[in-house]
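For reference, the chain that follows is the form predicted alone, supplied as structure tokens.
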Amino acid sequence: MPLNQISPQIIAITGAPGIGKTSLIRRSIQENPSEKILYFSPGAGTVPIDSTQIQIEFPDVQILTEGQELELIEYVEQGAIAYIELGFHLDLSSGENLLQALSEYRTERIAIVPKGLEDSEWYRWATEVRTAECNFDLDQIQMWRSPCTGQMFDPNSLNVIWYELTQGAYGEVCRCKGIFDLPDGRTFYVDYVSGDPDSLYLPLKLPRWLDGRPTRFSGIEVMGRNLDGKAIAQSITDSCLSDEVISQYQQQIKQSLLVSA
């Protein structure tokens, strides 16, 4: 079901992890490429995975960060559509002041909830509730996340980390997503949701980074129960490539690109 297309408007979306919040926003942006669009995800902090993916896929979308709420109000007053994504880890009241400040505009509150969930604060908060499959219990979910900017992983090491994460080596993981730089200069978005048979590996449309450690954002976010954050961090640290290995990889890729040119 498409979102209503009345501008200016504010669309706030919340729901369970991995249930399709960002995907809904991406589909709506694709369907309305001529609109002036903003995206704001409160609480993303130093690990703005969804914001980064949306910015890469839709360069014309204005991405706002913490502290830019007044700018969001100004853009809406000028006729923009604002998407506000409230992550599962946030209390719904965290975005309430902003929504109240925009109450004179058409505001939709969409909650995407697991099928069969009948009693939830999402129902009381939302103006529209949509249901979707969710193959894990939402009780006592923790979140661990970390920026990885400047780090590179060879594909085998990244596959090993991802396998260990999704198979329970560091706790019961229900959702895991990240943006990672590889030594051949490419950047990948990787996404896992419990119950799905395979993880998504998506190359992002960015120029190859072949000059030292990248300065563009990369990072990882893990949601689950009984997570061993120290062990996850140590595994990531152990898998990062050294300056010498990165340089060797990059020289090889540069030479191969010259040969194939």
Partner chain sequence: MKIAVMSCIHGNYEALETVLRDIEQQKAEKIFCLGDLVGYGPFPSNVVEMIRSLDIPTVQGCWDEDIVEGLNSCECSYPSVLAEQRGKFVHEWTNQHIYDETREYLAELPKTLLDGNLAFVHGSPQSQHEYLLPELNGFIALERVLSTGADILFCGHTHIPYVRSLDQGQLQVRVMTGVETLNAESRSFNTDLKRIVNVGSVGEPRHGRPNATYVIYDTDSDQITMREVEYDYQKTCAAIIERGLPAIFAWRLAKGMEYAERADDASHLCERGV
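Numbering follows the first chain given and starts at 1. If you're wondering where the values come from, they're calculated on a predicted model, not measured in any experiment.
Keep in mind the form predicted together with the partner chain is missing from the figure; the text below concerns it.
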| item | value |
| --- | --- |
| Interface residue in the predicted complex among Glu108, Glu77, Glu121, Asp154, criterion: non-hydrogen atom within 4.5 angstroms of the partner chain | Asp154 |
| One residue of Leu138, Ile73, Ala169, Leu92 in contact with the partner chain, assessed in the predicted complex (non-hydrogen atom, 4.5 angstroms) | Ala169 |
| Stretch from 141-149, 161-169, 83-91, 187-195 whose residues place a heavy atom within 4.5 Å of the partner chain in the predicted complex | 161-169 |
| Touches the partner chain in the predicted complex: Ser235 (any heavy atom, 4.5 Å) | yes |
| The partner chain contact in the predicted complex: Ser239, any heavy atom under 4.5 Å | yes |
